[in-house]
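Just one chain follows, in the form predicted on its own, and it is written as structure tokens.
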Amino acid sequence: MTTITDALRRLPKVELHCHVEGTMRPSTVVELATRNGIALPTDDPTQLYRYTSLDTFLDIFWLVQSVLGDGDDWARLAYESVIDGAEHGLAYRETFFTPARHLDAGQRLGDIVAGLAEGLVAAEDATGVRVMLIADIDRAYGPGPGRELVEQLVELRRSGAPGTDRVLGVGMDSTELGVDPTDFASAFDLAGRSGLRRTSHQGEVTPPDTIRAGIDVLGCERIDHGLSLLDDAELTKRFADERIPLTVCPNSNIRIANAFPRLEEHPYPQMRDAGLLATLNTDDPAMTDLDLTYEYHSVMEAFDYTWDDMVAIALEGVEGSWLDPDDARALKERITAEGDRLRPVVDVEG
């Protein structure tokens, strides 16, 4: 008999906030670390996956990142990421990669992008899942390297370098505290003028004015996390009226940022009640013991959502995406049809 969990696993889903490095299987972390001469403090990386804040998480995230030594490693990472996501209904993903530390260590952006694209092509052939890339600026490196990253990306795209057709936008992640997002305006301006879409991690551990800066100064079309948005009623109304997407990661906000003690206290339902386009995502699933099935099921239980609510959330993922209109329409039709097919099963189980 099909259970609600099985039905949620089968429901096609979009993910707009997922870091490819944060999808790395623990076994892959160990294998790549051994091959590339990276010392790990344990043979079981999951023992490290306990965080008290965003910044303590970043220490481990950077360690995991460091095992990626060349384009082949990036290809393996991308392939396994999609294979694992497909097991939980992933249909389309716009995934972040953050290359600053690798570029600083001597890797070339073109090799990283080509490696990622190679892995994605193989995974798409195996699963039918479609994945595009967002190049994230690492705030910890400052605005200069951020601008340089965008300049390199623009030049690679101009020259038709392998895989660059998959990079549809830029973002910004890493530590939020003590960083003024407006310092990165030059990089985001160049990205916008070059036809790249723009998003940014804002408001996970910072106030609403950083979210406003992301929209008004950086030109972002959506905001990642955005937890503090509800603290500003005027800005909340603007986001709702203009349907500016938020890429929300409820379980990650608990397991990484420790922003709330329990999922039931997360403001996700208040976001949706306010009319916000609040999409549902995992963030760094392999580093937080998460997957899309769990994300959907736990949210459904915590907030007493119905099956129709969950289908609506899946459809809002499409609305928040950067898919072209025809592809978005087709994916919405697929989600709606599968939601209708599974509804009787859910009704019986419920």
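We number the residues from 1 along the sequence you see. Please read these numbers as outputs of a predicted model, since none were measured by experiment.
What follows is about the form predicted together with hypoxanthine (HPA), which we do not show.
Query raised in the report: in the predicted bound form, which of the listed residues (Val67, Leu54, Val299, Leu290) lies with a heavy atom within 4.5 Å of hypoxanthine (HPA)?
Result: Looking at Val67, Leu54, Val299, Leu290 one by one, just Leu54 meets the 4.5 Å heavy-atom criterion.
Query raised in the report: Can you pick the one in Ile38, Leu58, Leu48, Val30 that has a heavy atom within 4.5 Å of hypoxanthine (HPA) in the predicted bound form?
Result: Going through each option in turn, the one that passes is Leu58.
Query raised in the report: Is there a non-hydrogen atom of Asp284 within 4.5 angstroms of a non-hydrogen atom of hypoxanthine (HPA) in the predicted bound form?
Result: Judged by the heavy-atom cut-off of 4.5 Å, Asp284 is in contact with hypoxanthine (HPA) in the predicted bound form.
Query raised in the report: Quick one: does His201 come within 4.5 Å of hypoxanthine (HPA) in the predicted bound form, counting heavy atoms only?
Result: Residue-level check for His201: yes, a contact with hypoxanthine (HPA).
Query raised in the report: Does the 4.5 Å heavy atom contact test between Asp73 and hypoxanthine (HPA) in the predicted bound form come out positive?
Result: No.
Requested in this report: Give a yes/no on whether Arg222 approaches hypoxanthine (HPA) to within 4.5 Å in the predicted bound form, heavy atoms considered.
Outcome: No - in the predicted bound form, heavy atoms of Arg222 and hypoxanthine (HPA) never come within 4.5 Å of each other.
Report task. Would you point out which of 141 to 149, 119 to 127, 226 to 234, 201 to 209 contains residues with a non-hydrogen atom within 4.5 Å of hypoxanthine (HPA) in the predicted bound form? Result -> That would be stretch 201 to 209.
Query raised in the report: Taking hypoxanthine (HPA) in the predicted bound form, which residues of 172 to 194 have any heavy atom within 4.5 Å of it?
Result: Contacts from 172 to 194: Asp173, Ser174.
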